[in-house]
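We give structure tokens for two forms of one protein chain below, kept apart as structure 1 and structure 2.
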Structure 1
């Protein structure tokens, strides 16, 4: 009996250990090591802090970094503001039969590849796009306007692509909110805003945290949307990483950038969890 237990333990443990160590731990250690490597003047590989020094001395690098973090935060806030009424409607206002239908409708676009969704926006917004055509025909504008390739469009794209990951956790926490609490507050003549601030939002905190973490991380690590909707001016940090790896072939510099991005995202997620007193395990499930 005892040896049977050991056998199954190892049977399950071995693939998991192989997966986590070969594909997660070792590659990230290698990323860290590579970021401290460089070439001396004569081309020999040496240990160096140069890659990190470059990041702090070249304004373009750290400004892009700060900008990316800031825009990811803005994206998370916008997503929350938009997702709150939507999930409230589905959880509390819609009739039970339409609720299921609306939820399915909500999920569907997110099964489709992000590339297709971004491409759809490009067709709508670009200079020869559908919006411009309609506005020209209606006589509202007389010259086509380029609506792509600016920061507002880029943030809208990011909000669009990560919307679902805020809406779904919010719906599930709102469904667990007892209606009688809201009814009681209403009977006591609380204003709508007071109900929202003192009942709904405190109750939804776990959902808000997990949604915000996922949205923030997806926005921070996104490459497609800033690249295609923000164009040349998007200055997203993942693009810097891509450029170091693929265009300049400076893998050590790219590794340093990658590690900085990893530290930033871990730090913000950790802070988010600490502030709301939750654990990663709870948020994940």
Structure 2
């Protein structure tokens, strides 16, 4: 009986494992080997660390690298601050019918591609856009203001494109929070901040961690939003990778940059799990 169950399980898992191996594991191994390759004077490939050395010797590379990591962390924090009250309202305060309607509203922007969503924000925020038109008509400003192509707008776009991935895990953990704990805290005259700090956030820690990991990874690896909303001055490390692969046709250098980004994301996620004293298996479940 057990052998038949295991055989059925492996039959169901085989396509997934095959897909992971052929389309993820093998290409990444090939890119890893490519990152250690260089070209000799006669055009023959040689093994070298020069591709990684270029990253540390060129300030534009490692500064963009650090900048990308910093803004990805800021995006994650901003997303959490905005998603926490929204999730609490949907999970605990909204009526069942309203809860489903609000969830659909959260899903609605993701029915179109990220490119369309970003262009929508660009139409709203450009000098001849909707926001400037309304402000001019109301007399708040006397000439159009350039709201695009700065770091604040870029972070706003990143938060918008990743909000859903923070709200969903927070809602799932908040639904299991016992309302009597919050009511007892109110009866004992605890402040809202104390309830949030001692009851809600500790209970939601698995959802916060899983949401933060997804949002951080999405922001760190995003290309469209920083490139379109941030402008030329908002350098993002994925743009450096794109330039190496597509513009310069330097696949060896691009592969090295890609694996440096992978190591950075893995290191930050590992640090976050250690700080919150959680395991990856607990967060994933």
Partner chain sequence: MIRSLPNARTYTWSFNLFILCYFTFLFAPLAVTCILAFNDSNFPSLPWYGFSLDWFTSPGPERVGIFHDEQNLRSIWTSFQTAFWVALFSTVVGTCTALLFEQEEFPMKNGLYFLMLAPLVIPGVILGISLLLAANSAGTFFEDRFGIDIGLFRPSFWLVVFGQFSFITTFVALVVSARLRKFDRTLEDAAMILGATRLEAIGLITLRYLRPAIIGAAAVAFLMSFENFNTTLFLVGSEPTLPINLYLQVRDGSTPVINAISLLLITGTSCLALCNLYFSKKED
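Positions refer to the first chain, counted from 1. Whichever C-alpha set is largest while still superposing within 1.5 Å between the two forms counts as the rigid core. Keep in mind that this is a model prediction, so the values were computed, not measured.
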### Message
Pick the form predicted in complex with its partner chain out of these two and give me its number.
### Response
1
### Task
Once the rigid core is superposed, tell me how far the Cα of residue 15 moves between structure 1 and structure 2, in Å to one decimal.
3.5
